[in-house]
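Let us start with two forms of the same protein chain, each given on its own as structure tokens and named structure 1 and structure 2.
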Structure 1
């Protein structure tokens, strides 16, 4: 029975993703982006079927394990577009550094302006990088690892909705620039969206995601110590 339930939850997840891809291609709108829509569909189906998160966890663990090979597979589009990266290496690095720095600073200042306590502020600071790195940074800053995980996931979901909307609003069409923005602001979930747009966007987003994570590991503790009141 447990094996059957695991298979059912995995199939629901795959089905929700496939349906969301189909709807997004047919009706390309920020509110109908794949990550946001598939998450909503999965939650709705599980609530309707009475499937709890605890019951979903085993299937989720299997799919999460596959994120490792999927991340490694990002090297394929990166290799195919290596000439573009090498020709624009300095602008790419500068863009990632400035974007990540602005991300951390605005997060800290906004959190302080809203009157959030120190634990909340430092837990928010690394929200735009992948969960394992964000949690490690949060622990160094004496934040709450659980809160950081929630903030990272929420950032990814909101990023997949807001990023294409804002890029289109400001008429940013360069695939390299779009990829960097996706990876810098919405980490892995943004990279998935970037790959759906195109090979260049996906490969540049993968580079941005990795470099932003490394840079944040050094920049976040420094910026928090100097900006946190």
Structure 2
């Protein structure tokens, strides 16, 4: 493994990220998601240039070095919104616990019913929480990190269409409730949508996203071990 190749793969990644951010800022649309666009560009370049995933691994390790501290930093939005959280503690926690539990159980049962294999079922279980935590949960459950990250991002994209549609259909108008549903269903991407709706929705969504991740990391291993055939 030579240093030049590592540098090239890192430069391709940063280039794809910058390009995708530029496109996303110019044409902000959930389908033009930065992670999806960048990943597609990188895989395309790697396949064309004959670079394998094994050759990418050293660069990957360097680039994801700060993912741990970045995940810990998710405590900051939670702390900034502590007042709105403590003022609505019970509805927030009850909503997240029931919603997340229902989401995970339905996901596991639907995946098994449709005949998906064990690695896929397990990798789907934490799909509604933010990528780094979903990936860690998936690893504990012996799922696959890259599958989980893609399922999480797909959930975020589908969630940004599905959440407002269903909330309006069932006439959920309370801004707190809407924020909780956005953050719990579609993590960071949902929070971006919620922020566009209003500041209460946005901050509630950020809080819900953090709490749902914590709750899922306790609940998912338990539910998977009881529901996996």
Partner chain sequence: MNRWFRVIPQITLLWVIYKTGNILAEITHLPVPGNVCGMILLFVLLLAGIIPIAWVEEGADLLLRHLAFFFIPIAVGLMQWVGLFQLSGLQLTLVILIGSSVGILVMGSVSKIFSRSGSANGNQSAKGGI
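C-alpha atoms forming the largest set that superposes within 1.5 Å between two forms make up the rigid core. For clarity, every value in this text was computed on a predicted model and none was experimentally measured. Residue numbers count along the first chain shown, from 1.
J.: Only one of these is the form predicted together with the partner chain, so let me know which.
T.: Structure 2, not 1.
J.: With the core lined up, does the C-alpha of residue 37 move 2 Å or more between the two structures?
T.: Where the cores coincide, residue 37 still shows a C-alpha shift between the two structures that is 2 Å or more.
J.: Using the core for the fit, does the CA position of residue 73 change by 2 Å or more between the two structures?
T.: After core superposition, the displacement of the residue 73 C-alpha between the two structures reaches the 2 Å mark, so yes.
J.: Tell me, please, whether between the two structures the C-alpha of residue 223 is shifted by 2 Å or more, with the rigid core used for superposition.
T.: After core superposition, the C-alpha of residue 223 moves less than 2 Å between the two structures.
J.: Quick one: how many Å does the C-alpha of residue 60 shift between the two structures once the rigid core is superposed?
T.: Value for residue 60 between the two structures: 14.0 Å of C-alpha shift.
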